[in-house]
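What follows is one chain in C-alpha cells, specifically the form predicted on its own.
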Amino acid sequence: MSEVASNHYLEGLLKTYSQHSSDVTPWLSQMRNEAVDRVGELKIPTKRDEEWRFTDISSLTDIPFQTAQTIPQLQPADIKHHYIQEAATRLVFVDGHYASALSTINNDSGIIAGNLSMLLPSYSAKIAPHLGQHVSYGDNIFAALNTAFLHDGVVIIVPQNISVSSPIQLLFIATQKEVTSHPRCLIIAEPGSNVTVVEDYIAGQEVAYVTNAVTEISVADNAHVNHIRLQRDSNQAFHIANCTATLAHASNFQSINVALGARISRLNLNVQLASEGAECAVNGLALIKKRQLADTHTFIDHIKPHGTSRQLHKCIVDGAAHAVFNGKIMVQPNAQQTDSSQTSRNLLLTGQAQVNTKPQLEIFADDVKCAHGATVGQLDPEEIFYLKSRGLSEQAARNLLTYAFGAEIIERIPVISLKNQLEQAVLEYTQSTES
C-alpha cells in the first residue's frame, strides 16, 4: 500500500467509494475505477516537491475527513443572501451533493444545465468527450480523488450560437465539520456561443473541512466564456482546486479568480490556446490575513499561432499570512505571432506578511511579443503623505490605497451585484487590517 493510501485521510475517503460504483454509465465507471487505482499509486505532495515547496499541506492528513453521509435540509431563506441577483439559472450543492430544491434552471435561455447524474442518460454523447479529458488525473492525486468520487456534478452545455444574457451561478456550500467534498464542474461552450458562469464556494459555518474541486471548460470555435471563481471558505478549511480551459479557433476566455477564505488554499489553473487566434485574459486576487496561505499556480499554453493572452495577478497580504504565485506562460514552436503579457503585483501590509512570486516565460518560437514582471512591496509612503495632506488620517489613507489596489481586479467582473458585493468585502478587509 502506498504512503498516501495508508494515512487516515485516504482510508476514510476510500471506504465510501463503492457506494456509487454501480449507478453510472460504463465509461464513467471505468474512469472512476482508473482514478481509484491512481489514488493508490500517488502520494500527497510535500514541500519536497518543487511545485509545492512553499505550501505545506501535511496538516490536511491529520484529521480523518470523510465524505458527507447526511445532508442538512437547508431552506431557500437560509442561503438567499448568497444569491446573485442577475442569475436566472442557479445550481446549488451542499457538502458536495446536489440540492435540487434549492436550484433553479431557466430552460428558456436555450442552455442545457443540471446535475451530472440527471443529464447523463440524454447527453452522454456530448459529455463523454470532455468529462475527465481536460484536467488530467494521471499524476495529480487531488484530481484523481475528485474523479474517483465523481457522482454529482455541474454540467452546462451552451448550444451553438446561443448567447446567454444572464450569468449562471454555481453555489457550493460547506456546512459540516471534518467533511471532504469533491465539487465537479463541466462547462461546454459550443461554436459561437456566449456565457458567463460564476463558481462560488461559501462556508456555512467556521469549521474545518476540505473542498477538492475540479472544473473543466471547453470553449469551441468563436465561443466566448466568462468564468468568475470565488473562494470564500471557512478560515479553518482546506481548499484545493484544479481548473483547465481548452480554447478552440478564435475563441475567447475571460477568467477572474478571487481568494478570500480558507486556512490553506491552492488553485491550479491551466489555459490551453489549442487553436489559431484564441484569446484569454486571466485575472486573480488573493486577499488574506492572519495565518492564511493562498497558493495560485497558472499555466497558459500557447500551442497555435496568433494567440493572445493577458494575465494580472494581485495579492494583498496582512498579518502573518503567506501568498504564493507561480505563473508560467509557454509559447510552443508552432505558436508564431503570439502576443502575451503577465504581471504579478503584491502588497504586504505588515512586516510578518510573506509572498513568493515567480512569473515565467518559456518561448520556443521566434516571432512573438511577450513580457512579464513582478513587484512586491508595501504601501508607498509618499502616497500616504499626499492623502494625509488632503485631510485623511494615516489609517484612512492606508485603507483607501489598499482598497484601490484590490478593486482593480474586482472592477473587471461583469456582474454588477457581484462586483458590488466584492467591493464591499475588500472595503471591510481594509478596515480590519492588522497593520
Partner chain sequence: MITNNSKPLLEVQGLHASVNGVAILKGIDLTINYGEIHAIMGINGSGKSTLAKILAGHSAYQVTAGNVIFDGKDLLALAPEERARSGVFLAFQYPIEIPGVANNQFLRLAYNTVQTQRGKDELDPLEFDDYVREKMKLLEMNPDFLDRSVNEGFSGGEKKRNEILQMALLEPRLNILDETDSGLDIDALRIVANGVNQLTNKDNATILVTHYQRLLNYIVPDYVHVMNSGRIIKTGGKELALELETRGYDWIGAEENIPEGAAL
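Numbering follows the first chain given and starts at 1. Please read these numbers as outputs of a predicted model, since none were measured by experiment.
Note that the form predicted together with its partner chain isn't included here; everything after this is about it.
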Worksheet item: At the 4.5 Å heavy atom threshold, is Ile410 in contact with its partner chain in the predicted bound form?
Response: no
Worksheet item: Taking the shortest heavy atom distance, is Gly373 within 4.5 Å of its partner chain in the predicted bound form?
Response: no
Worksheet entry | Partner contact for Arg390 in the predicted bound form: its partner chain, 4.5 angstroms, heavy atom | yes
Item to complete: Spell out, yes or no, whether the shortest heavy atom distance between Glu383 and its partner chain in the predicted bound form is within 4.5 Å.
Response: yes
Worksheet item: Considering Asp49, Asp366, Asp62, Glu394, which brings a non-hydrogen atom within 4.5 Å of its partner chain in the predicted bound form?
Response: Glu394
Discussion item. Heavy atoms within 4.5 Å of its partner chain in the predicted bound form: which stretch in 49-57, 29-37, 65-73, 400-408 meets that?
Written reply: 400-408
Worksheet item: Which residues from 254-293 come close to its partner chain in the predicted bound form, meaning a heavy atom within 4.5 Å?
Response: none
